[in-house]
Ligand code: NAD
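Below you'll find only one chain, the form predicted alone, shown as C-alpha cells.
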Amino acid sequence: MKITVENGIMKVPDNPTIPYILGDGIGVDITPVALKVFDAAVEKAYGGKRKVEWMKILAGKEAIEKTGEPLPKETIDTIREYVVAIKGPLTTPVGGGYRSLNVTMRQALDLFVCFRPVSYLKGVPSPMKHPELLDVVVFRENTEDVYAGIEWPYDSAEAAELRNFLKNKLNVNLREDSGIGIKPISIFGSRRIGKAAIDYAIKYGRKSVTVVHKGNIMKYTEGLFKNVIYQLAEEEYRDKVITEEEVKEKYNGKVPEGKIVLKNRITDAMFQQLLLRPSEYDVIVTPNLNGDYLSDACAAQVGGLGMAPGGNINFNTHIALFEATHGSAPKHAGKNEVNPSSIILSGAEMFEYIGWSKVKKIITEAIEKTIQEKYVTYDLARQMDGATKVSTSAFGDRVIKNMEIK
C-alpha cells in the first residue's frame, strides 16, 4: 500500500511500499545489506504486524544501462507518488558528463531540506577527545545558492554576454577567462527552511537553532538568509523562540524555561565553534554550500561519512528521499568490504520520519553494540586495537543478531 498525504498529514499503512535506488559503485554492496537490516528491525519491533514492501527504481549507471538515461522520469514520478524513498550513493561525473543526480532529484521534487543529524555512537573511533559532546541536526537549504546549477563555462557565448552586461550596465569588470555562476537566495526559500528547522526544534525538544551564514560579506544573499529567519521567528514564534541577544540583555544569560534560543554564527567561525564548543549547538540551519561543508565536517568528528545518515525532505508535501551521505567509491564496488552504516542509519531516520520510532531505536542500538564489540568493516577496524575486520554482509548480520527490544 502507498503512503499518502491527506490534509497535510502523512498516512502510513502497516505495510507501506517504499521505493529504493540501489546506487552506483558500492551501492551493490551496502543497499541489499541495509534492506535486510530494515526488515529484521521492523519484524523485531512489531512482530509481523508491520512490514515494508520494497520497490526497486532506477537511477545512475543501472538506469543508463536499462533505459539510456541516468534519471528516468518514471523514477521521479514514483518517488512523488509513494512519498518516501531511500537510495544508495550515485556517481557524479567531475568536470563534465551529466549533472549531479542528487541535485537534480532534490530540485525536481523540491526537497528543500538536506537533513543531516550528527551524533556519536559509542565505540566509533574519532579524532576528538570528546566526540559525544557533538549532537546536532543540520538543516541545509537544498534548492538555491550556488548549487542551483546556474552557471556557464568561461568560453561560452552566455558567459561572454554576461561579462559584457556586467561591464556595460553595472560597471563590473571580470576577467575574460572567467566562468560565471549565479548565487540565488530568496526570501521564500530562506523562510521555509527556517520554519522547518524551528518546527523540528520545537517538536523534538531541542534547545537552540543556529543560523550559519556569511552575511558579513555576502550581505544580499546570505545576509538575507539570516535576516529572513530572524524575522520569521519574530513574527510567528515569539511565544517559543528567544534570540541569544535577548537572553543576554533581558535575562542575565539564563534562558527562560520553555524557550528555544535563536543564534547566528558566521560560517568560518562556526567551524571553530563546532570543534571547541560543540555542546553549545543543537539545530543548525544554513544555505546550501555552507551546509555541505558543515555537515561533512561534523560527520568527521563522530567517525566520518561512513557513520553519517541523511535525507532530503520537503516538510510541506512530506516527500522525502533518504540516502547514504558518502560517495559511490567505485574502486571498492562489489568487494563486500565497505561500511554500510550510513545507509542503515539513514533508513533508521526514515523510519522515525514515518512514525516508526521503535525501529530507529532498535537499529541504532544494535549498530552501537556491534561497534563496541569491535566487529567492524575495514574503515573502522584499522583505527581500533583488537578489532575483528569483517565484510559488509557480515557486519549487517551481526547488527541483526544484536537487535533487542528494551
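Values in this document were obtained by computation on a predicted structure and should not be read as measured data. Residue numbers run from 1 along the displayed sequence.
Form predicted together with nicotinamide-adenine-dinucleotide: not shown, discussed below.
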Query raised in the report: Does the 4.5 Å heavy atom contact test between residue 121 and nicotinamide-adenine-dinucleotide in the model of the complex come out positive?
Result: no
Query raised in the report: Just to confirm, residue 126 within 4.5 Å of nicotinamide-adenine-dinucleotide in the model of the complex by heavy atoms?
Result: no
Report task. Indicate whether nicotinamide-adenine-dinucleotide has at least one heavy atom within 4.5 Å of a heavy atom of residue 138 in the model of the complex. Result -> no
Query raised in the report: Heavy atom to heavy atom, is residue 338 within 4.5 Å of nicotinamide-adenine-dinucleotide in the model of the complex?
Result: yes
**Report entry** Candidate spot 19, 32 and 36, all three touching nicotinamide-adenine-dinucleotide in the model of the complex (heavy atom, 4.5 Å)
**Finding:** no
Report summary line: Heavy atom within 4.5 Å of nicotinamide-adenine-dinucleotide in the model of the complex, from candidates 223, 256, 330, 184, belongs to 330
Report summary line: Only hit among 267, 208, 102, 314 for heavy atom within 4.5 Å of nicotinamide-adenine-dinucleotide in the model of the complex is 102
Query raised in the report: Which of 56 to 64, 42 to 50, 338 to 346, 363 to 371 has heavy atoms within 4.5 Å of nicotinamide-adenine-dinucleotide in the model of the complex?
Result: 338 to 346
